[in-house]
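Quick setup: one chain, the form predicted on its own, written in structure tokens, and binding and motion questions come after.
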């Protein structure tokens, strides 16, 4: 097993890190009020980051999940808001368009995504159904060569600037998981409105989006059959990219903690000389490296999309590890860590989102536990679980 990334990956990560440290880190605090990080997104487009999920024939680089994980990890080290903004272009919505949209839509939208000229929004969560996808109330009726979409989605990122919404919906009112499909809705279309917005503790805004008799060409219904299975398969990508940001937040918090241990003095010594604080950063580092190994392994598993069990385990561990590590970084900083002037408080607030989005850690534990109980062959044990 080779745990090293390639020279090409290292070179690209180095470019991203330089931009993040020089440009993004100094202005990260300005985005706490919900300001969209437009200047950062422009920089990411210029160095090719926003085209990573876009196939080459549409102006992107079509890079794999691990490459995307490495980049989001680096952005997460300095700015949670920018990392989440980039996730919207690198995640499941872009990949669904690339994999399932008709050629006319791909040619129109994907080059603009790669160039940073078009933002995408994914609409899944509803006021009464988040993880409970089979009970979505939003519905898309097929009427000849047109479709009509009605429903409400909530906690949606970039609703005010999205050029296209990737909406998971029921089709023709078919009940349960069998009725789930996906429709592409252009921003600004008649009947689409953002009715409310919520400012998060991480800094960005989320919106409630209403679809009222939104009429679209039938070709915009990009997933009609077996939509639930396709959704969950594609969402395994998100379950690697979300924890990549959490990993980056934890790494950024550790870097700040080490800097503080070197710079701060107490009782005639730098505080990094005290064993108790050295043990804290040692434990933080161990947790980060354990999370990295699990996440990178999940990122390179499977084919088009990561293995669902590995992705679930990586997300559980990275989400919860990030909360612990960023909290310890605050503890190391003492009272200063509780202030906005020190970056560790921002890391902690960003980390708190991880276990909520992309499938809660409780839901993912159910997934992993179900596989163990129902599929483990006790004659062969762990070796027969397909993880080795």
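Positions refer to the first chain, counted from 1. Please read these numbers as outputs of a predicted model, since none were measured by experiment.
Heads up, the form predicted in complex with a small molecule isn't pictured, but that's what we're talking about next.
K.L.:
Considering the small molecule in the predicted bound form, find the one stretch among 154 to 162, 271 to 279, 295 to 303, 212 to 220 with heavy atoms no farther than 4.5 Å from it.
P.N.:
Every other range fails; the passing one is 154 to 162.
K.L.:
In the predicted bound form, which of the listed residues (356, 29, 47, 38) lies with a heavy atom within 4.5 Å of the small molecule?
P.N.:
Flagged contact: 356.
K.L.:
If the cut-off is 4.5 angstroms on heavy atoms, which of these, 375, 366, 21, 380, is the one near the small molecule in the predicted bound form?
P.N.:
Exactly one listed residue reaches within 4.5 Å, namely 366.
K.L.:
At 4.5 Å between heavy atoms, is residue 123 in contact with the small molecule in the predicted bound form?
P.N.:
Close contact exists here: in the predicted bound form, residue 123 approaches the small molecule to within 4.5 Å, heavy atoms only.
K.L.:
Is residue 131 close enough to the small molecule in the predicted bound form to count, meaning some heavy atom within 4.5 Å?
P.N.:
Residue 131: yes, in contact with the small molecule in the predicted bound form.
K.L.:
Could you tell me if residue 89 has a non-hydrogen atom within 4.5 Å of the small molecule in the predicted bound form?
P.N.:
Heavy-atom contact with the small molecule at 4.5 Å: absent for residue 89.
K.L.:
With the cut-off set at 4.5 Å between non-hydrogen atoms, does residue 206 touch the small molecule in the predicted bound form?
P.N.:
So residue 206 counts as contacting the small molecule.
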